[in-house]
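A lone chain, given as structure tokens: the form predicted alone.
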Amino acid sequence: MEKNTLFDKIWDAHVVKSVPAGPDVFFIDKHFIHEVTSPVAFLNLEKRGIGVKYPHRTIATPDHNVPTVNQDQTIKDKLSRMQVEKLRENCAKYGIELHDLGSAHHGIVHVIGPELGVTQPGMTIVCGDSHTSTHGAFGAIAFGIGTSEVEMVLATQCIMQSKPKKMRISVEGALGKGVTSKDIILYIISKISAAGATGYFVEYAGSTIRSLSMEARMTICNMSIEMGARGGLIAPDQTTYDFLKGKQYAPAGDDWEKAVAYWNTLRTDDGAVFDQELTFDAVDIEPMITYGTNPGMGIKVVDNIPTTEGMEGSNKTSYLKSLDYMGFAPGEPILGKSVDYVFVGSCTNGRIEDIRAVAQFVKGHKKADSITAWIVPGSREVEKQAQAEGLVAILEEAGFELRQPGCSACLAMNDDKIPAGKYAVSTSNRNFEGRQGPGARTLLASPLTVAAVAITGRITDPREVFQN
């Protein structure tokens, strides 16, 4: 009997047609759209006189460049306003469900999908956004697509896609104090590089992964892209089912029992073969932080920035260019470096567990005077819950500014930009040059590390600040 991986089982069940020596015609269960990558796709459909094949399989929300203050007012930025208006027009025209600004379920697309129970095990999910891989935490094949592919999915509910290679990354053991899922994924990327999983779809496995909450699993799958992978996924289990049960779009009654019976088959068979296997020990993972201009340039917060020893030619040149941009020198410690901004949010770490963690650690403290601290919930639901649990009051007392839902300073497509030359420790997913604003210097870290930095005003080991 053939042994299949979880990825094989889902992929093979969605192949409509295989093209000899070419890509598969691949069926998509759910399609998420937002204001940035959908307008041109809809425009092309209109030009070709084509409709949307299955409107009920597409869900929309504006998130990338929406303002995070005064969302009840007219958007000031002309391009952003036009894109959001076009999203509204297109959703109304084609009968697509839209969670608009100000609505109860507005938010970042990769936060509201799981929140609503739209994201479910065994599904294929795409969106015109690279971090669609977030949904893989539920045992789904989820990946980002380009604008022409957004058009293809709207028109046919299918996509032409070559099957990627398969990698399994196992993490075993118990995590140490102050170590989070964000540290796990930053650690893995630092070990294999920002290109180490190029061409692969990654399954995360092992006792450490199984012990994580769904929100923590989403953080890990979210950043699969930052090591070059097409996507990442985790086998569904009781933790998955408990998260989904009772959600608006989750199955109910007899349908729930049938769904769980199917979901229980979604695991890699013993003896199934991967193209590559890696295993890491949780004991070696500590609070992490990036120091350079790609997510693979990460170290334990207690370590020194690597030297150029052993580097040659273009590798050494690009490394030194990156450090020059960041204002760092090879071999120096990163602990104690002054910071100007902290940002808690994005589709990586803008969920209620992230905000709870920060609030828990800053309670009774005040942020450093030198720090500007932004908290941006990933959705209206997260915002509402944070208020109900008293987290907003704690954070505001500590000097944090709570903004309204959106992608915000993750990619600086709105007014939430880090000024040139300033340092921001961020819970987001990318630290490229200018990612958070022209000339901004970004260091990626976990919500706990961000909380510690906010209190001290400098790069700090969270285990040293929060002893209890």
Partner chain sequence: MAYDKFTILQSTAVPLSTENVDTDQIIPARFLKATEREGFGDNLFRDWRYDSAGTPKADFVLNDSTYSGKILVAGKNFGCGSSREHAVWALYDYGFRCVVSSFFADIFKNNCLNIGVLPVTVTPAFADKLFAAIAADPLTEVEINLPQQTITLLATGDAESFDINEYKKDNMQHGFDDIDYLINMATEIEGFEANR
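Residue numbers count along the first chain shown, from 1. What you are looking at is a predicted structure, and each value in this text was computed from that prediction instead of being measured.
If you look for the form predicted in complex with the partner chain, you will not find it shown, but the lines that follow are about it.
Listed stretches are 112 to 120, 79 to 87, 364 to 372, 350 to 358; the contact stretch with the partner chain in the predicted complex is 79 to 87, by a heavy atom cutoff of 4.5 Å.
When the partner chain is considered in the predicted complex, residue 39 lines it closely, a heavy atom lying within 4.5 Å. Using a 4.5 Å cutoff between non-hydrogen atoms, residue 14 counts as a contact of the partner chain in the predicted complex. Although the partner is absent here, residue 215 lies well away from the partner chain in the predicted complex, with no heavy atom inside 4.5 Å. Contact between residue 31 and the partner chain in the predicted complex is not found at the 4.5 Å heavy atom cutoff. This chain lacks the partner; the member of 287, 292, 128, 139 within 4.5 angstroms of the partner chain in the predicted complex by a non-hydrogen atom is 128. Interface residue among 148, 279, 103, 264 relative to the partner chain in the predicted complex, by the heavy atom within 4.5 Å criterion: 148.
Highlighted residues 25, 53 and 314: every one comes within 4.5 Å of the partner chain in the predicted complex, counting any heavy atom. Residues of 426 to 441 that come within 4.5 Å of the partner chain in the predicted complex, judged by any heavy atom, are 430, 432, 433, 435, 438 in sequence order.
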